[in-house]
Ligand code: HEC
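The form predicted on its own is given below as one chain in structure tokens.
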């Protein structure tokens, strides 16, 4: 699925939120408000970079520029995704995709701790807008 950047005739952030709200009603998904601020992760970005290079870059590309998996240096992603969303996505994975959760080990990789995952998110934040 291509991104919906405004420069490409895509959607504004408020329009993206409206589409997401509608999709949640279709799936009957109940979401509770996160009491934390949108940006709360205090992980170690340098450690996160090492973890990303070992565990994530095979799919998401060097510096999160994309590959088999989507680009993670995407400005729209960083503007709309909270740290809680990123932590939970890395922890649990993405159903219906090749993205497995990282809180459980697999035959080819060890599990990541909550602190490791927060460090990966701190590193991802350093990639915002293709920087890094």
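Not measured: the values here are computed from a predicted model. Numbering follows the first chain given and starts at 1.
Just so you know, the form predicted together with this ligand exists too; it's not on screen, but the next bit is about it.
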Q | Complete contact of 69, 86 and 97 with this ligand in the predicted bound form (any heavy atom, 4.5 Å) | A | yes
Q. Taking the shortest heavy atom distance, is residue 122 within 4.5 Å of this ligand in the predicted bound form?
A. no
Q) Applying a 4.5 Å heavy atom distance criterion, does residue 24 contact this ligand in the predicted bound form? A) yes
(Q) With a cut-off of 4.5 Å between heavy atoms, is residue 59 one of the residues that contacts this ligand in the predicted bound form? (A) yes
Q) Just to confirm, residue 55 within 4.5 Å of this ligand in the predicted bound form by heavy atoms? A) yes
